[in-house]
Structure formats: C-alpha cells, structure tokens
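The chain below stands alone and is given as structure tokens, in the form predicted on its own.
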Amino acid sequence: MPQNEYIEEHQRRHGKRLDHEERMRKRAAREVHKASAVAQKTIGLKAKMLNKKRRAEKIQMKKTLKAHEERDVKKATTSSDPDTALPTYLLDREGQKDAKALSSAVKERRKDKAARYSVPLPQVRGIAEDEAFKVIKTGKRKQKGWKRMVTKPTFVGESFTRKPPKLERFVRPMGLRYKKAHITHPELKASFNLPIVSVKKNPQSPLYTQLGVLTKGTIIEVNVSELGMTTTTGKVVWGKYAQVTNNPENDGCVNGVLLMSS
C-alpha cells in the first residue's frame, strides 16, 4: 500500500463517520469564506498569482451560466449548406432550434418512464439511524464504537458470505433475515408466497438499499415464475417489482403489493 493512501485504507476497513456527509458539506461552505479572507490579506506577487487564478475560475463560471441560459433562447436554424435549394413550401418557414424544448421533452420522457408504475405507498415515515442501527462496542476495553448492528429485517442473497468479524462494520442478524414475501396481485386479488430476488430501492437512504433493509415502502424484486405471467410477445416473466406495505419488524413477515405497469 502506498504511504499516502492510509486515509482511504482506514475508510475501507472501518467505514466513514456517521456525520461524514454533513462535515463535508460544512467544509465546502467554509471554503468560500476562507478564500475571501486569504484574498484580502495576500499582497505582492502571491496576490497577482491568486487574482489570476480566481479570474480564470470566474470566467469559467460565467461560461457555464451562459450555457445554461442559452437553453431558453430560441434560435433560427440555418441550412448547413447555403447552396442547397429549398423546396417552395419551405421558403416562407424559418426553422427553430429550441434547446429548452428539447431538454424538457427528454425530461418528460424520463418522467413517463418513471411513472409507469403506480406505487401504493408514495410517501413513508422517515426512520432515524438510531432506530435502525445499534452501536456495538468493540476492542479490548469496549471503547471503539464503529460497528453497527442492523435492528430491522433484511434480505441477503443466497451467495452471501460474511466478512471477517474484525472487518465487518454492519452486522445483519440471522434471525432478522427474510427470503420470502407475501405478495398480493392487485388484479387477481390473491396473495402468493414468493421468493425475494433483491432489494431494488429503499426510500430511506442508499445505505439501506445496499444493506438490503426491508422497511415500509421498500421496492423489492420477487420471483413470479410460478405465477405463469407472460409478456405480450409470449415470453415468461421471471422477476417483477413489488412494494412492501407493512412493517416487517412488527408483523414477523413481509407483505407487499405487486407493481403492475400502467
């Protein structure tokens, strides 16, 4: 390991602080004030070099802002080859290049793609980290507190292998792991006990998704091959998304509703 990568190595072994993101945000907010204080105190050749550097940064920022503003401007498009003759019916027309219209069309397309599924629970209650994680004291004198035990139900894959205990930061107890879920088909009005394939998205945070935490509102992928569902082309559907509709830690089981594409 190179000598200058000890911080990255420590983060890889023990993880980051729980308030790491907040500290980075505050540090970035302080940078502006620090740069201003340095600029006011610097004199001589260092001041010239600093001013040159800040001037280049401001020019780049203005170019970026101008590029964003040009999206709203409508420009008349001209033919790429001026010698090319236009048809008679196009002579009185003037082509418009509306960059904002194009970008908004792309955004609408993305929105339509995302809204293909009608989610039963669009909003859920936020869960604090103290509620989902329990601090485990480690070390000879139990003074280190970087380990966490997940107190919520989780899903881990079939091929999951635990890390060595000294390197494992998040402990997921065996008693809180689930492999199957009771999924209700909204059209058939029937429930099926289906195997869970993966956790697609947990609305609480990306960390919960990565750990496979199952809370109310989580989008999971289930194996629906035994239901005999097929696509319009006749292919058998193997996996479909479902949303967890209960609190698994209270009920002792995972209940959900299958998401049907609209």
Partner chain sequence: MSGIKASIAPVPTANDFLDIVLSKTQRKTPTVVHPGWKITRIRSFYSRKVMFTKDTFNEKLDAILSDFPIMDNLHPFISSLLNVLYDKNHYKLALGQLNTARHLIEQVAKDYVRLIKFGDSLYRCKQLKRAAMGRMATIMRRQKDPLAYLEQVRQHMSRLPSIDPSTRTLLICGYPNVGKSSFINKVTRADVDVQPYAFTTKSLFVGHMDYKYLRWQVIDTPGILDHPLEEMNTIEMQSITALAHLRSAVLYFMDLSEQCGYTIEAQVQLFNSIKPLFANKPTILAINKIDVMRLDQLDPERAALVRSIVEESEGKVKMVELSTYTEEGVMDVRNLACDTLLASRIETKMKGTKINSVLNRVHVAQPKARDDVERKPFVPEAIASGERKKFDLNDPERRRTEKDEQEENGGAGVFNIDLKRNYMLENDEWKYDVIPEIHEGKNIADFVDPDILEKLEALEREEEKLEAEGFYGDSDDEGSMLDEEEEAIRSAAAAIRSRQERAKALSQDKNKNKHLSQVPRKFQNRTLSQMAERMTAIGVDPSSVMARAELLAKAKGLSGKRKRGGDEDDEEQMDEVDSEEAWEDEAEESMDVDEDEDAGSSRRKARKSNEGSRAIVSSGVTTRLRSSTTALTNKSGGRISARAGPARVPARDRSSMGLRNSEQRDKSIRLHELSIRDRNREAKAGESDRKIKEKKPKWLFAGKRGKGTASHR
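Here the rigid core means the biggest group of C-alpha atoms that line up within 1.5 Å when the two forms are laid on top of each other. Residue numbers count along the first chain shown, from 1. Since the structure is predicted, the reported quantities are computational estimates derived from the model, not experimental observations.
What comes next is about the form predicted in complex with its partner chain, which does not appear here.
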{"item": "Candidate from Ala29, Ala67, Met49, Val236 lying within 4.5 Å of its partner chain in the predicted bound form - any heavy atom", "value": "Met49"}
{"item": "Exercise: Ser191 in contact with its partner chain in the predicted bound form, heavy atom 4.5 Å", "value": "no"}
{"item": "Touches its partner chain in the predicted bound form: Tyr178 (any heavy atom, 4.5 Å)", "value": "yes"}
{"item": "Heavy atom of Leu45 within 4.5 Å of its partner chain in the predicted bound form", "value": "yes"}
{"item": "Contact label in the predicted bound form: Asp251 to its partner chain, heavy atom within 4.5 Å", "value": "yes"}
{"item": "Location of its partner chain contact in the predicted bound form, chosen stretch of 170 to 178, 138 to 146, 156 to 164, 183 to 191 [non-hydrogen atom, 4.5 Å]", "value": "170 to 178"}
{"item": "Neighbours of its partner chain in the predicted bound form among 152 to 170 [non-hydrogen atom within 4.5 angstroms]", "value": "Lys152"}
{"item": "Did Gly44 shift 2 Å or more between the shown form and the other one, C-alpha, core superposed", "value": "yes"}
{"item": "Core-superposed C-alpha of Asn250 shifting 2 Å or more between the shown form and the other one", "value": "no"}
{"item": "Large Cα shift (2 Å or above) at Glu57 between the shown form and the other one, core-fitted", "value": "yes"}
